[in-house]
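Take a look at this single chain, the form predicted on its own, given in structure tokens.
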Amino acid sequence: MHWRQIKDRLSAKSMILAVAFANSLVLLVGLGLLIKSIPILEKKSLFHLLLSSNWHPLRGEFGFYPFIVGTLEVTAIAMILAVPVCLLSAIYLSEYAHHRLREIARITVDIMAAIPSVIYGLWGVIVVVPFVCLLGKWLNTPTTGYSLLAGGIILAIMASPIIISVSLEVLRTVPIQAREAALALGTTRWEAIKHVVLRNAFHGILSAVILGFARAFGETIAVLMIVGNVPKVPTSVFDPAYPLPALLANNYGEMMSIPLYNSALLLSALILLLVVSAFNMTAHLTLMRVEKR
């Protein structure tokens, strides 16, 4: 019996160490990026780097403002396009669809989540970019198609599997008794969904949206291929942009020999890591609250 207790304690401690090691990886990555970012922070203040629009690395000017604005705007467009469609899809699958259709839809959503981002990027170049170009001509706004709108459409498609999957699971956790009680009071099915199901699942749906936002915010390859990559603040959805992930993917390998440029790129990676981590943490904490309720 004594030996079994020792093995049990050793197993518990080894699992704790494994969890601590896994969680410490994020801190180690962040610490490494911070150390590599020190040279640029010693030359320029953080506020200057974040608020300046001048990006001329060979002249020592590193303004992240166009890249931050481009990242936020393309992600916002993706969320505006994705959230209503994903939420309505999750409601239909949860409350109206036959269980066979629900299972087929779940398989399709899982397949969409597993498709490599480069495939989405190629599809965007072949289909979405020409569509945006035609739409710009129709609206008398000339554009090459490589724009914020094209990037937002692709990111909306890529974020949809996460939002639909998490929202569907949250909606299914609402007890069936709550639906039956609402219907017994004389409400219609939609009224029961709107006033009972959605109200109880609100925090979980919000977490799904946050996770989708984090997925879109950090996407690299697909956006890199269709957003245009011009380091200017966009003034229209038909203008090209240059998100932070694309900046890193385009330049880091070539600019490692220039210390200050290298440090500036790693600072942008640190900013990206902090923002995505914050959104993921918020989503997980919200989901924990829903589970406790």
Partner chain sequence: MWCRGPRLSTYQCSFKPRKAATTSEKRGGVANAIVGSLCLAFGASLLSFLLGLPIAFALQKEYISRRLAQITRLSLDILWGTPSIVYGAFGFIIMVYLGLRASLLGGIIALTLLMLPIMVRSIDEVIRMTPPELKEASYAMGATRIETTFKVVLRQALPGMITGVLLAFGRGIGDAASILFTTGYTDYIPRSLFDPVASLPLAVFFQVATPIPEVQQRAYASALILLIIVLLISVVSRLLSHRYSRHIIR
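Residue numbers count along the first chain shown, from 1. Throughout, rigid core stands for the largest set of C-alpha atoms superposing within 1.5 Å between the two forms. Given the structure is predicted, the values throughout are model-derived calculations rather than measurements.
Omitted from view is the form predicted together with its partner chain, to which the following refers.
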Practice task
Using a 4.5 Å heavy atom cut-off, state whether Pro84 contacts its partner chain in the model of the complex.
Solution key: no
Handout entry: Interface membership of Asp110, its partner chain in the model of the complex, 4.5 Å heavy atom rule
Key = yes
Exercise for the section: Spell out, yes or no, whether the shortest heavy atom distance between Gly218 and its partner chain in the model of the complex is within 4.5 Å. Expected result: yes
Problem - Partner proximity in the model of the complex: Gly32 to its partner chain, non-hydrogen atom cutoff 4.5 Å - result: yes
Completion exercise
Note: its partner chain not shown here; in the model of the complex, the stretch from 45 to 53, 244 to 252, 58 to 66, 230 to 238 having heavy atoms within 4.5 Å of it is 244 to 252
Problem - The single option of Ile80, Leu134, Leu122, Leu185 touching its partner chain in the model of the complex, heavy atom within 4.5 Å - result: Leu122
Exercise for the section: Between 221 to 240 and its partner chain in the model of the complex, list the residues on our side with a heavy atom within 4.5 Å. Expected result: Ile221, Leu224, Met225
Exercise for the section: Return yes or no for Met15: a CA shift of at least 2 Å between this form and the one not shown, with the rigid core superposed? Expected result: yes
